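First, one chain by itself in structure tokens, the form predicted alone.
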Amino acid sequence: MDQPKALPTNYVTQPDKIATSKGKTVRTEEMIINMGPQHPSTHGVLRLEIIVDGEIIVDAIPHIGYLHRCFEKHAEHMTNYQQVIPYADRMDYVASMNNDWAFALAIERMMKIEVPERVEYIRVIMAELQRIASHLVALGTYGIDAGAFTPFLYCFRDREEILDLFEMTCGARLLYNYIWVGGVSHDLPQGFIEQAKEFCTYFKPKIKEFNDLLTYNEIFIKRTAHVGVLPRDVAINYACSGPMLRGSGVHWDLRRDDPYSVYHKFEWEVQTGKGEVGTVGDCWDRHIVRVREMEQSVKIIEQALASIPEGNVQSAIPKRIRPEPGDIYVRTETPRGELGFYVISDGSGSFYRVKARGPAFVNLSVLPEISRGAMIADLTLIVGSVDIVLGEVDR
């Protein structure tokens, strides 16, 4: 006679729970299961240790470090500051322009470098094009998380138009090394402004098309409304930023509230979640914030293209970068939120210490709070709504 099999090791040793259903008594136990790190809906090499009671999530614990890149130590061992920019490119690899800008801005403020106004306009144009491209990746893959494949194709079709603009400017489509300390590597090529204007004209009606296809789809709303609710106070206490924070109804955007560059010259609005189809701070609110941010980015780009001044884009690039001893913290608004660099200089030609504050890393920390009590099937939508990039989480 066969011996009874031992319980699997992934069962949690604790007293059985008693649940009643329609007059029947059912014994339940908590179980630990792993989602990832080779799971497509973890958006990279992320492992989630999920404690479940049946289909209900009791706790979700993120385990990171599978993509550790040692960015900070690499930066400290470069022989000069300019060499770090390709490493900054590879942190958030779907928003490389924004990474480069934040890093360059930190060094420029340490050295009190005033870049030409044309450079400021070019940086704003590139950063907002990158914001749209990044959000298109987030929204397209989020559609796949919800079981809708077609929106992914629409998003990547439009993203290709932006990558064409980047390619004609600096020759690269993903990792650019374009924004340098004191300027940019190349001026805008002939025909760029006209092609960028054409893209804005082309893209505006595509946002409505995307909303009709996914955002206001009845099935998508039922999958995302009232799911993964992040209350305003929890978002603030966890230092969330970007669409994660604004999706909870908090009006906070560094481009407006801690101004840098020439954003103050343009008319645009900060978008927040309002609980239109569910609860304020749910997955749908975070989704709609990203959609509407693309509309605002188009507005900024059109204004910048219409008023971009002439000038030499490399006139302020220093021949030797050697900041005075001291430290500084500079932050900018990337597609995922507040990206900050804390830099310490000892007066030499390279870093004494650099610390990157990645928004995706901080936003991911709130995942257990918004996952408890959800169904396992909803966890995919919750993770997707955070919009993490593991190159930045692991750094």
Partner chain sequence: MDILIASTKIAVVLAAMLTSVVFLVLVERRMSAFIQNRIGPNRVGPYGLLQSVADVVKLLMKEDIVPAKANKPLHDLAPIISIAVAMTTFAVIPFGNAIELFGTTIKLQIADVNIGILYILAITSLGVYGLTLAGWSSNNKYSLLGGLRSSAQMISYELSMGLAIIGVILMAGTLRLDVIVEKQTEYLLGWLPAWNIFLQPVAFITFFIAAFAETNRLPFDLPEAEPELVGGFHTEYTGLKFGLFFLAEYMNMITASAIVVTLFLGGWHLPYADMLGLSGFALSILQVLTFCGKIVLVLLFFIAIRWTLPRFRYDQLMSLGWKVMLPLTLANALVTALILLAF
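Numbering follows the first chain given and starts at 1. Treat the numbers as computed from the prediction; the structure is a model and nothing was measured.
Same protein, other form: the form predicted in complex with its partner chain, not shown, and the subject of what follows.
The candidate stretches are 93-101, 187-195, 273-281, 138-146, and the one lying within 4.5 Å of its partner chain in the model of the complex by heavy atoms is 138-146. The shortest heavy atom separation between L214 and its partner chain in the model of the complex is within 4.5 Å. Although the partner is absent here, S307 sits far enough away that none of its heavy atoms falls within 4.5 Å of its partner chain in the model of the complex. Contact annotation for R159: none of its heavy atoms lies within 4.5 Å of its partner chain in the model of the complex. Contact check for R223: a non-hydrogen atom falls within 4.5 Å of its partner chain in the model of the complex. Taken together, the three residues S41, I219 and A377 all come within 4.5 Å of its partner chain in the model of the complex, as judged by their closest heavy atom. In summary, among the residues L129, I300, V181, V227, the only one with a non-hydrogen atom within 4.5 Å of its partner chain in the model of the complex is V227. With the partner removed from view, the residue among F166, Y154, Y260, Y238 that has a non-hydrogen atom within 4.5 Å of its partner chain in the model of the complex turns out to be Y154. Interface residues of 49-88, taken as those with a heavy atom within 4.5 Å of its partner chain in the model of the complex (partner not displayed): G54, E55, in sequence order.
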